[in-house]
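The chain below stands alone and is given as structure tokens, in the form predicted on its own.
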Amino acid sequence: MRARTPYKVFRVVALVVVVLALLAPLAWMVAASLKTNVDIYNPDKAVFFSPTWDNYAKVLQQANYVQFIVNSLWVAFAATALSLLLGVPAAYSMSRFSMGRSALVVLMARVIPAVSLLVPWYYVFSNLKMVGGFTVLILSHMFVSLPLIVYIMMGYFDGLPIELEESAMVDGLTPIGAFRRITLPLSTPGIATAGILSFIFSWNNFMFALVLSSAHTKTLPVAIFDFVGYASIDWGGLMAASTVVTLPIMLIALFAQKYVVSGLTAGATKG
């Protein structure tokens, strides 16, 4: 036990250092969002300062960020819902019928850098008069969300025993009925994991929205750039806008962490 004590101390110290390194930027962001630009540049006000809510008022009222929040929510929810609707049955088919080539295509879609497709996308969608609308944003997000969901759910379905479905079909259910009544309820943790990760990707995505959105479909990550000017940067407004973007993801991670952990440990990363 005495020999293990230094290792335990080192493990605790290392864990504390890692946590502090991860939380320090978030703490600085929140603190800077409550300061004026003068206080942000003042080292003496790094810790002790008079907080102000003017930056949040500027973000939520003057900069029309409520509309940008609605845009981000709509795009993220729509892309996630459509990806789940298509990806879960596709992953089940690939898992149960050993569709190795289709799985390879999905894996290749995960490997291809999405930035390499922006120029072809813009060319195609601009000719179709779709650039600037919500449809093109949702479709572009689905290009990454759909392979992610299929990749996660294939591993999860591989971890579920096929005997459960065979027993259900012996009792009179069709293959679709066995999937809907037996497999789908058992795969809820995996679906939650895939859906949460897909939503986080869509919410945080900057590159697609920067190129394919317009003024009325702008999402939050792109709208943050409004505080970056040619000659100066409004750091207070920028940090307040960044806090607004980060807060929903932190709440999702806080309240849905048990679903993510259970989904990952129950087989969502197998295969």
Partner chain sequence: MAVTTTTPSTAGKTSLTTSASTPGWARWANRHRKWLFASPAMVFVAVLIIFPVAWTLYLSLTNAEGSVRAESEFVGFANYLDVLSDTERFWPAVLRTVVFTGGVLAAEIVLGMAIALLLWRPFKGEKWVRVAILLPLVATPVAVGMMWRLIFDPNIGMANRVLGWVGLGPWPWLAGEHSALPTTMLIDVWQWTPMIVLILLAGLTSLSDEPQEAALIDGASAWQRFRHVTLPLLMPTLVVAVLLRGIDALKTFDILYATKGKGGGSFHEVETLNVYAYGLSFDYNEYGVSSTVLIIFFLIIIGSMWAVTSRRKDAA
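From a predicted model like this one, the values you see are computed outputs, not experimental measurements. Numbering follows the first chain given and starts at 1.
Although not depicted, the form predicted in complex with the partner chain is the subject of the following passage.
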{"query": "Contact check for Asp54, Gly132 and Ile182 against the partner chain in the predicted complex, heavy atom at 4.5 Å", "finding": "no"}
{"query": "4.5 Å heavy atom contact, Trp203 to the partner chain in the predicted complex", "finding": "yes"}
{"query": "Exercise: Ser95 in contact with the partner chain in the predicted complex, heavy atom 4.5 Å", "finding": "yes"}
{"query": "Distance check, Met153 to the partner chain in the predicted complex, heavy atom within 4.5 Å", "finding": "no"}
{"query": "In the predicted complex, Val70 touching the partner chain (heavy atom, 4.5 Å)", "finding": "no"}
{"query": "Contact assignment for the partner chain in the predicted complex, among Ala81, Leu186, Ala192, Ala109, heavy atom within 4.5 Å", "finding": "Ala109"}
{"query": "Contacts with the partner chain in the predicted complex, stretch 137-156 (heavy atom within 4.5 Å)", "finding": "Leu139, Met142, Phe143, Leu146, Tyr151, Met154"}
